[in-house]
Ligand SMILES: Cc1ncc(C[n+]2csc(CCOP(=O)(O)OP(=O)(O)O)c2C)c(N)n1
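Have a look below at one chain only, the form predicted on its own, in structure tokens format.
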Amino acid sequence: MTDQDWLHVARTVFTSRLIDTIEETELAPAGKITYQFSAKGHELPQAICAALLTHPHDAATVYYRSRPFVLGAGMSIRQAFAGPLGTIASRSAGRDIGVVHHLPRGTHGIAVLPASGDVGAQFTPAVGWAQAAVYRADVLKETAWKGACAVAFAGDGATATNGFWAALGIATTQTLPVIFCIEDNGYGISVPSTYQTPGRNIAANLRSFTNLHVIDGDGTQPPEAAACIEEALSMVRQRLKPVLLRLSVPRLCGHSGADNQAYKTSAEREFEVARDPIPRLREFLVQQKICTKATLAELEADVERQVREELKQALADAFPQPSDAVRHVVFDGKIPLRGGMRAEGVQYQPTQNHDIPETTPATEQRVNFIEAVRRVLDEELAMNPRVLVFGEDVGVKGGVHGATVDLQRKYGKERVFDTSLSEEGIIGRAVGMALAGLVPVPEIQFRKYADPATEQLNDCGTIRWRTNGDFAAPIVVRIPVGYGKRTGDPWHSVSGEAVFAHAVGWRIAFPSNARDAAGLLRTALRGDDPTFFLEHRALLDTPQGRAAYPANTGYMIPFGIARNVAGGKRATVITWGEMVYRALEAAERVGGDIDVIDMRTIIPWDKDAVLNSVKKTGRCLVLHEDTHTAGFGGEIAAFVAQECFMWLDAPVQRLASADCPIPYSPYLMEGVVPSVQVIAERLKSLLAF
């Protein structure tokens, strides 16, 4: 580190400490901020990292005690105050709590990726960025990315989370340039680290971990902390090994402003105060003749002046308007984003064409549903070098459902690859890749298996909103859902789209045939929002799901446009997925003349199609495979009851699976999933009302 680097570190440390003090002693008591997290004691290693992460494509994932690093990376003091104050000038424009931060790529050369309030959620996105950096440098031959790395900052408590171990497995098995920077202050709120790590030291425990370079140091001693960080960066920039960097630091404050630390003894508090890094930094700067006591005092006085000036500006900033709250939930169509930046290098940017005919030319070949998915993936991989397909068993095996057969052989293991058995790792890695400008297409083998990734999925959907439109992670998650053509069971037959529909910021496709699957998957892959692409297991290779494969590689179906699969005037059936075919058969059993609407997408859904059909028929049945209670059909039924009340000739009906898991026995399954006979009987009742 140069003298200039050390002066930058000093300014960052002094600035962070003063901001914390002002918040604790002035703003919080005055009621101007309601949620305060101090970084006192953690400042030094974070400031050193900010000074040394100079590669233009370096990135860091941070947590709620990372403000010193973000200040060193380029966040203004005004923005630092604006976060807890909740003003329009904050990084999130008042959307998120003031202790989580982000900075778009290009600010001081460091991309500070969107922070999550969830402990441990920062690790796998960091690994995803690191893998994307390697891919862009080695495969796409983008020399500007060579040597880039990612750093995941966390407290010692986070080493007990699923995300930490998932990321550690990915990084070490693939030798990715990522540093796990653990700031160990000995506590997770009030719980001592003995509950997180046997022996209290994660570095000691991981010294035998294969292909991991472990560094353990004191984060309060300037020369030692700097040496540890420089060693870590040297390792990852050369791609020798990923690094576990544990730096012990004191927590000179409560977990948050509301925490009085009554669980610590007086001796413990005195010991922590004695380890305060600021007196040690002052002594080091003078001893090394980086500055004199006088110039050091001038530096601190200048920091005081600047902090007070920018505090005045922050206190004068306006608060966001209520109408701002719903902006940036999804892509607004104005500035296409891929990971918070324009997708430079992508070979196409087709627009969604609402006028593409859905008629089937005689020259087009009928294919199975799963073959349509495989063909689209093949075509998009060929067309766009930023598309990556991955998941458990998608490589050599070609996927447990056959959606990726031969794709690894054709495009290589860098673009179509297997992953560890960790859905947290699969989705979190995909988020980091998308933030780095790639187009990740992760596969989750069955709907139930997405449960371990719930945290990453929910966080992904809110990235655009949480960052006030600065970042987006438009991943496309393929998931087979529903019962199989031969059997069901509680683990592989979950539909569960209503849970996904409640995940803010996501789009959901649920096609019922090969042609719709092709058009919707293309739209998802060329879009700018994260998307769940649900593939019903009973349609993957059965006659019902077959359709003509569109020969035009520009064939795209806009989300939110339903398809009328049968016309009629007696009643409307609204459905999706495999239930479309049961609805058609049931409609024939009651004499036909029934409007059957295949929704095709759940988020957004086609309200106009529903409205127009129900106004025409006066009767409505909403049918789906997901469970009845809180199923998405309830949302549609409520809309019909409110908007079509004057046209209804009968109460709106809902028909769904029973509120229990899908059983293994086909005989039991008949009592859970609506059969054709049950649907027909409900239609008869509706028509007779």
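Sequential numbering from 1, following the sequence displayed. Note that this is a predicted model, so its numbers are computed, not measured.
A second form of this protein, the form predicted together with the ligand, is not displayed here; the remarks below concern that form.
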>> Please determine whether residue 187 contacts the ligand in the predicted complex, using a 4.5 Å cut-off between heavy atoms.
In response: yes
> At the 4.5 Å heavy atom threshold, is residue 624 in contact with the ligand in the predicted complex?
Replying inline: no
> Does the ligand come within 4.5 Å of any heavy atom of residue 156 in the predicted complex?
Replying inline: yes
> Using heavy atoms and a 4.5 Å limit, would one call residue 275 a contact residue for the ligand in the predicted complex?
Replying inline: no
> Out of 415, 563, 375, 255, which one falls within 4.5 Å of the ligand in the predicted complex, going by heavy atoms?
Replying inline: 255
>> To verify the annotation, which of these, 402, 604, 117, 592, has a non-hydrogen atom within 4.5 Å of the ligand in the predicted complex?
In response: 117
> Which one, 643-651, 660-668, 61-69, 23-31, holds residues whose non-hydrogen atoms are within 4.5 Å of the ligand in the predicted complex?
Replying inline: 61-69
> Does any residue in 435-461 get within 4.5 Å of the ligand in the predicted complex, counting heavy atoms only, and if so which ones?
Replying inline: 455
